[in-house]
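Take a look at this one chain, the form predicted alone, written out in structure tokens.
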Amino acid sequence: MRTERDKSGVLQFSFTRTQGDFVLDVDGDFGPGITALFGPSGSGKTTMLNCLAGLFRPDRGEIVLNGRDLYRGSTKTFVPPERRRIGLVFQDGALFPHMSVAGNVRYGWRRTPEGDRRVDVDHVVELLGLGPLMDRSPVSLSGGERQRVAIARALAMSPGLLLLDEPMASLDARLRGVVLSYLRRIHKDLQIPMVYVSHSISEVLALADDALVLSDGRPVASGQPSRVLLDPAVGGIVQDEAIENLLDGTVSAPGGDGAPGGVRVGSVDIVTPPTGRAVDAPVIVALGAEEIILATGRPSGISARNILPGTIAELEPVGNRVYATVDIGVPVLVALTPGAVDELGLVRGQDVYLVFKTSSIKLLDAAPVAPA
């Protein structure tokens, strides 16, 4: 059943696409921020992205971007992919192997009419730290470098929308942090709306402003990621994945020779394993929601080095867990049992302490700070 939608978003859609026995039937309105498409394998995420990009034609319905009909079944309107001005980044980057990095990046820019060029290619190259790579061949690049080049190529065409199909799926944890921080920087600097496909709850929570959850080809929830992904309606999808908090920080102490490291996250100092990085280097702190102990009073006489005061902002039951969102200056998710919530008498607005060991923390590389 279709519902009336707010028409103020950047992208409005309401369409059906049938592939064999699978039916994708979606309806939504995406804003100017980063919207995540989330769901298990086979839920229809990539099919939906391909319909938005024009690689697939829906059976019926409509797709409207910035007030322009890209597809409308009733009038047989179908704008081909090359005329949609939508950037698309695949899992493996899909770079042109016969072109240099510079050739790949400038490919979309050359194909964009001069009057439609809103993005400066040199600025994109600087933003993504690609200057030293421009003369290289794609085959000589690392996975993270290839993805950055693919993102730059998509941005160089001055798209009205950027679609990303699990761009970190093939990357190791260290490179995930780098690409994640580059994507944040791109959106902040260029203000290009993004639709980000992922089956990683941790990535969605760290990156997206909004989320649409798909299951068996249909939306089951939409809205703020921290609420949507912990909604009981999607608990069956969520509860099997370990959730990590991915927090932006800068090194405050490198550590080493028996001394711990330190990272400043927001206004909070976190004790970490030795960082192996210089002071002020950007990092992402990865901390599992299951690795954190929540206390109603400040504990003493314990070995854990991190005891951080905070306030419970949300309590959401999901399957056999309750997830508390605790504000310590930045939001942090903590996994609890229902019994612990009852025994401690936890409620929204309550002051608590988060307790965790340095060994629970993983440090991921982040994108270097952009030049001023």
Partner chain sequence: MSPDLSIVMLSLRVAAVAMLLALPIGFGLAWILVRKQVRGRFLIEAVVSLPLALPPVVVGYGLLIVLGGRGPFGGLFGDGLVFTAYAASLASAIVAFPLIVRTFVVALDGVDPRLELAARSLGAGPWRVLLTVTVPLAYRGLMAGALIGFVRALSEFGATIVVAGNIPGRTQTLPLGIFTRIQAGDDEAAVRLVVVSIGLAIATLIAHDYLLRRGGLAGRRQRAGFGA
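Positions refer to the first chain, counted from 1. Not measured: the values here are computed from a predicted model.
Keep in mind the form predicted together with the partner chain is missing from the figure; the text below concerns it.
A.B. asks: Check for me whether the partner chain, as it appears in the model of the complex, comes within 4.5 angstroms of all of Y323, L344 and F356 - heavy atoms only.
C.D. replies: No, none of the three is in contact.
A.B. asks: Does at least one non-hydrogen atom of I293 fall within 4.5 angstroms of the partner chain in the model of the complex?
C.D. replies: No, no contact at 4.5 Å.
A.B. asks: Within 4.5 Å, heavy atoms only: does G131 come near the partner chain in the model of the complex?
C.D. replies: Residue-level check for G131: no, no contact with the partner chain.
A.B. asks: Answer for L190 alone: is it within 4.5 Å of the partner chain in the model of the complex, judged on heavy atom distances?
C.D. replies: L190 lies outside the contact set for the partner chain.
A.B. asks: Taking 4.5 angstroms as the cut-off for heavy atoms, does R111 touch the partner chain in the model of the complex?
C.D. replies: Yes.
A.B. asks: Within 4.5 Å, heavy atoms only, one stretch in 134 to 142, 68 to 76, 277 to 285, 209 to 217 touches the partner chain in the model of the complex. Which?
C.D. replies: Correct option: 134 to 142.
A.B. asks: Only one of M157, V228, L246, I201 has a non-hydrogen atom within 4.5 angstroms of the partner chain in the model of the complex; which is it?
C.D. replies: None of the others qualify; the residue that does is M157.
A.B. asks: Could you spot which one of I86, V251, I270, M194 gets a heavy atom to within 4.5 Å of the partner chain in the model of the complex?
C.D. replies: The residue from I86, V251, I270, M194 that makes the contact is I86.
A.B. asks: Do any residues of 41 to 63 have a non-hydrogen atom within 4.5 angstroms of the partner chain in the model of the complex? If so, which ones, in sequence order?
C.D. replies: Only a single residue, L55, comes within 4.5 Å of the partner.
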